[in-house]
Every structure is written in structure tokens, then in C-alpha cells.
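What follows is one chain in C-alpha cells, specifically the form predicted on its own.
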Amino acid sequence: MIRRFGTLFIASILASSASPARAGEVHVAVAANFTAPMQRIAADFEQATGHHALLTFGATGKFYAQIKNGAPFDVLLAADDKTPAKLERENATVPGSRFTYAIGKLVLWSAKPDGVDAQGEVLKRGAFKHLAIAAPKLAPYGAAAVETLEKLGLSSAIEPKFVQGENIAQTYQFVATGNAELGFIALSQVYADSKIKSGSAWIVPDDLHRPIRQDAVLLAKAKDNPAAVALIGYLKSTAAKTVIKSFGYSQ
């Protein structure tokens, strides 16, 4: 028995010494609109590299405040390009790490099959009680929604009907649960396999609002974190770009 135990013990030591070094972890603050793509990318990233990505989803404006207050994030995937650029100017990022990982699409969506027409004329008719948008001061998709209504000359008429979500995920929930008949959300939330998954939608033309450029950046505290550096690189890979495009983003 003693000899057998010793053999097993030696075998276990050899096995552990032959195994690769323990993979690292990267804490990622992810814009709420990018939830589904990033969940898939994180799984692919772990399979490809062994590194584990811990994901937190929310509003970009709140992430900025949390980062400035010492939140333990390594990478920020913002819903805009202004927030990462601001952090860069404040020396809170690794120089040269910022890049655009996706350009978002705004969509007017209803959970009902006939709730929104393909030209968005429902907005002009105004036959609805509530329209959900993400808080414009916190969420770039909310800001794009306000800009769209202003371009259409409908802002004053529709603003009293606003139901504001803290972020784009909550805004989607308002519409999905029927608390708002329609709302402006990210196309990625209702898009798969080159079509709208459910309900009805109007994809807002790009000329009605400024481009929703979504930038990623490596935060200064993570400059020596191999997992964080690897994730920034992986987001630029063909595999990641394929996933991103499959959710309706452009690049």
C-alpha cells in the first residue's frame, strides 16, 4: 500500500509539472448593448487562450465613474469613443491601446409584430403612450435616439412619452415586457442570422445621428496583466470580428 501510494503521488507531481501555467483573469467592463456578442467572444477567447474573462455589463457613463473611483476593471469596452478617449487624456489607460471594436446600429423596436413599420412612420403618427430610450447622459444609444428625433423634428412632441432606462439593457426590458409600446435600442439586442429575431423594427438610417463608435481600451492598472493584453489582441482577430458582425455591428 505504501509503495502504491508513493507511485501515485509521484505520478501526480509529474502531471502537475507538465501542465501549463495557470491561466490569467481579466476583468472587463462591457457596454450593455454588447452583452450577447461579448459572452460569445469571452467563451471563444477562453478556449483559444486559456484566459478567463470576468464580464460586468452596464452603462458606459457609470463605468467611467467607477473606474475613476478605483473599480477593479482591466479593460473597458465602451458604447462610445468619447469615454475611452477621456480616460486616455487623464492618463488612466495604456498609451496606444484604444481602438474601435464596433460601430453600433440604432433600431426602433416593438415586441409586437405590427408595432413598428419598416420606415418608422409610427413615430410621426404618435399613436402610442410610451417610447423607451436609454438615459441620454449615460448611454450613447440614448443620445443617438434623442438626436434622431431632433433630426426628424419630433423631439418636442414625443419627449413627454419618454420612459428612460438606466442603460440599453433596461430599455430593452421596458419594451419586451410591454411597459413601453416601442423603444430605441441597439440592433444587436434583437438581431441574429441577418434578421430581426422577434417583433417589428425600423433600423435607423446612419445619417440621422452621429456614428456610434464603440472603443475598447486597456486600463493603466492592467498594463502587466497578460490576460488583459491578450483580450485586447483577441478583439482584433478575425474570429472576434466575425462574431461582432453577426450581431449587426459594422467595423
Partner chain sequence: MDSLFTAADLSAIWLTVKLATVVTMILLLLGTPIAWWLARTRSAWKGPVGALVALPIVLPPTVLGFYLLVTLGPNGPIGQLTQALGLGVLPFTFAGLVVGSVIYSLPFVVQPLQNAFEAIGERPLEVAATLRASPLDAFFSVVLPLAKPGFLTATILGFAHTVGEFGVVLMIGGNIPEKTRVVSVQIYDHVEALEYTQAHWLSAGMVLFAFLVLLALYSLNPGRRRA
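Numbering follows the first chain given and starts at 1. All values derive from a computational prediction rather than experimental measurement.
The next section is about a form of this same protein that is not shown, the form predicted in complex with its partner chain.
Q: Do residue 86 and its partner chain come within 4.5 Å of each other in the model of the complex, heavy atoms counted?
A: Output for residue 86 is yes: heavy atoms within 4.5 Å of its partner chain.
Q: Is residue 163 near its partner chain? Define near as a heavy atom within 4.5 Å, in the model of the complex.
A: Residue 163: yes, in contact with its partner chain in the model of the complex.
Q: Should residue 59 be counted as a contact of its partner chain in the model of the complex, where contact means heavy atoms within 4.5 Å?
A: Taking the distances in the model of the complex, the answer for residue 59 is yes, it comes within 4.5 Å of its partner chain.
Q: Whether residue 174 contacts its partner chain in the model of the complex should be assessed with a 4.5 Å heavy atom distance threshold; does it?
A: Contact check for residue 174: yes, within 4.5 Å of its partner chain in the model of the complex.
Q: Check for me whether its partner chain, as it appears in the model of the complex, comes within 4.5 angstroms of all of 130, 170 and 178 - heavy atoms only.
A: So, yes: the whole triplet contacts its partner chain.
Q: Which single stretch, out of 147 to 155, 134 to 142, 92 to 100, 117 to 125, brings residue heavy atoms within 4.5 Å of its partner chain in the model of the complex?
A: The contacting stretch is 134 to 142.
Q: Select from the listed residues 48, 65, 192, 54 the one whose heavy atoms reach within 4.5 Å of its partner chain in the model of the complex.
A: By the 4.5 Å criterion, the partner-contacting residue is 65.
Q: What residues of 213 to 244, in sequence order, lie within 4.5 Å of its partner chain in the model of the complex by heavy atom?
A: Residues within 4.5 Å: none in this stretch.
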